[in-house]
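Given next, in structure tokens, is a single chain: the form predicted on its own.
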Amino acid sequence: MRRADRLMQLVQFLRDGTLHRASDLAAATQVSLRTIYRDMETLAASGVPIEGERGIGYRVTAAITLPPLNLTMTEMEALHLGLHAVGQSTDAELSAAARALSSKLDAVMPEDRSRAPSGYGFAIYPFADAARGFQHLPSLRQAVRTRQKLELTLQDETRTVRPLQIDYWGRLWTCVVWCERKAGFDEIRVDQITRMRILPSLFVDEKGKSLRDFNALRQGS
């Protein structure tokens, strides 16, 4: 398993908000404890809101707090998008200002994080290419709201899916879908989408294919 895939798998394990022991995560992903410790540090540095420490356990928090503001994940996403866009600007002064603001945000991140993220808004390995998915976010949001099916191309395969929910994990976006080809649920990394087309056909909730069913399945696993 590629490291980026394993890290995404770890995010999926941790997203239920409960405490997971490092030994259990190591067994589930078939790696050593030392590797899990490194993975947790990498995820935290990539902006995923992880709390915990070695010997106790880890979990993903539901929200990120920046004193004196309480920001929702959607607000954090908007902030990240803005910082990234300005940081990539050809205007050297604006780009430098965006990076300076990024450093200031890092300084006020919660102190209970095992490691403060470095350079907020400027992704590092393993999700350094997450910005490639930015272009798809508006259309994905529209499809989720209007319940329109999508045709997605991921590397060398094309799928027809029902988009159910977009999740944001500190610089990484995923979309929960019902995949017609797999006849089951899937969580797709938005940065891995190479082409997306909104289909004219709409969908309605069906037993076994809704977001409620996905959440029930995840909680029961």
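We call the rigid core whatever largest set of C-alpha positions still superposes within 1.5 Å between the two forms. In this text, residue numbers run from 1 along the sequence as written. Note that the coordinates shown come from a computational prediction; the quantities given were computed from them, not determined experimentally.
This next part talks about the form predicted in complex with the DNA, which is not shown.
Using a 4.5 angstroms heavy atom cutoff to the DNA in the predicted bound form, all of R3, R38 and G55 count as contacting. Listed stretches are 27-35, 177-185, 192-200, 158-166; the contact stretch with the DNA in the predicted bound form is 27-35, by a heavy atom cutoff of 4.5 Å. Though the partner is left out of this view, V11 does not reach within 4.5 Å of the DNA in the predicted bound form, counting heavy atoms only. The shortest heavy atom separation between K209 and the DNA in the predicted bound form exceeds 4.5 Å. Superposition on the rigid core between this form and the one not shown places the CA atom of C179 less than 2 Å from its counterpart. Comparing the forms between this form and the one not shown, the C-alpha position of V161 differs by less than 2 angstroms, with the core used for superposition. When the rigid core is held fixed, the Cα atom of D24 travels 2 angstroms or more between this form and the one not shown.
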